[in-house]
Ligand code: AMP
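One chain is shown next in structure tokens, namely the form predicted on its own.
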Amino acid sequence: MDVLIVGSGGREYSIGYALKQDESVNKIYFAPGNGATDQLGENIAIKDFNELANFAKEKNIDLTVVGPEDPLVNGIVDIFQEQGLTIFGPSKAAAQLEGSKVFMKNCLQKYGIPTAKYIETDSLEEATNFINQMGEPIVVKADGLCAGKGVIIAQTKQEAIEAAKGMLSGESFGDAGTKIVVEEYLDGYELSIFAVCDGKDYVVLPAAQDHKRLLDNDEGPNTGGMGAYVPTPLIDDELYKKVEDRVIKPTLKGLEEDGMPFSGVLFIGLMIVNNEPYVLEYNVRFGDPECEELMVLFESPVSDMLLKAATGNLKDVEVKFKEDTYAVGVVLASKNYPYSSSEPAEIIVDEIVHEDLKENSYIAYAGVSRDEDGKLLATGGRVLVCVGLGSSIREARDRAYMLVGQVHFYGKKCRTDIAYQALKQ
């Protein structure tokens, strides 16, 4: 089959990397792709969704996979489906689960799904009154898409009020913050669970743990994610069952009853408090950087799962993962991330001489481009992800950091403690 992947980050690179190993996949196109995706397929410079759908028709694309949230929230799936094309991802209506935090929180309440106490408002006075009734810390979220940065964990009530004021005035996140959610802070540990859905049926993928903060020991500002590992020992069969029964099933049932059946990836951001799951957020696509680790753990063909989810036949798929195998990914970020853009810097990757490392690691390229001489440059905030595989989290972690040592560019920075919570156990 021929596949079109929409997006340009490490998530899209890793999906392409997994499909490249798949015997049933002939050709891969990326729209627009990045400076390294041309190693896996062909980059296409088409931004308009209608033009992209026409391209998919002309090239007889069998499956389109949408990586990032923006195209999903803006209705790319509806446009492709109207043209009779097979596309993996939710409709514009269902994508509101990520496009609007207010919509998402209201769905959680309507469907009886455990979540933090909250208020949604566009009034600073209303937000302030709610904040003053709460304990500290307090979570303040911009309603719209903010590339993973629209959540403030305020340590004091005054800080929460200032955050709300900055969002509602448009100073902090523009139009994305003109409506906000203020909610109680849940004290536990976070997990990422992905359910691949076809509207009715679903497949739960191994749970991951992301590391959002910039610095070691979960300090510094929130980022798009500085590393992740899969699977995590912080979940057991009992907790998986709670998530299915209390979160996934009622969400899919509720959305179907409300006329927007969910197809694609339901990314559930959970806080586990005393072994009870609470939903922090929904996203409607694979997580980044969790996807970079998940994709290399599949034993069964990824294309089969994605195609059957997109065509409503997920009940017929058998999804298998590599036994007793873990993946750890470490994000290498640019010098000024996440505060401002950095000067482009050439990326040098040493030749890997150890067969063990060569066979059990890979680089998922994200914020990269090529100069006129074909040199690979670090041009984005999160530049790439070094992924290591192993029979234990420690072995996978060690290989990931060995790979980090093989990659060089000016200003390179990363966390040194990815998977620390699992390794403490």
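Residue positions are given as counts along the sequence shown, with the first one as 1. As the structure is a computational prediction, the values presented were derived from the model and not from experiment.
As for the form predicted together with the ligand, it is not shown, yet the points below apply to it.
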Query raised in the report: Which of these stretches, 305-313, 255-263, 138-146, 321-329, has heavy atoms within 4.5 Å of the ligand in the predicted complex?
Result: 138-146
**Report entry** 4.5 angstroms heavy atom contact with the ligand in the predicted complex for residue 183
**Finding:** yes
Query raised in the report: Does at least one non-hydrogen atom of residue 244 fall within 4.5 angstroms of the ligand in the predicted complex?
Result: no
Query raised in the report: Does the ligand come within 4.5 Å of any heavy atom of residue 222 in the predicted complex?
Result: yes
Query raised in the report: Though only this chain appears here, would residue 201 touch the ligand in the predicted complex if you measure heavy atom gaps against 4.5 Å?
Result: no
Requested in this report: Have a look at 102, 116, 272, 154 for me and say which one sits with a heavy atom within 4.5 Å of the ligand in the predicted complex.
Outcome: 116
Query - The single option of 79, 73, 280, 345 touching the ligand in the predicted complex, heavy atom within 4.5 Å - result: 280
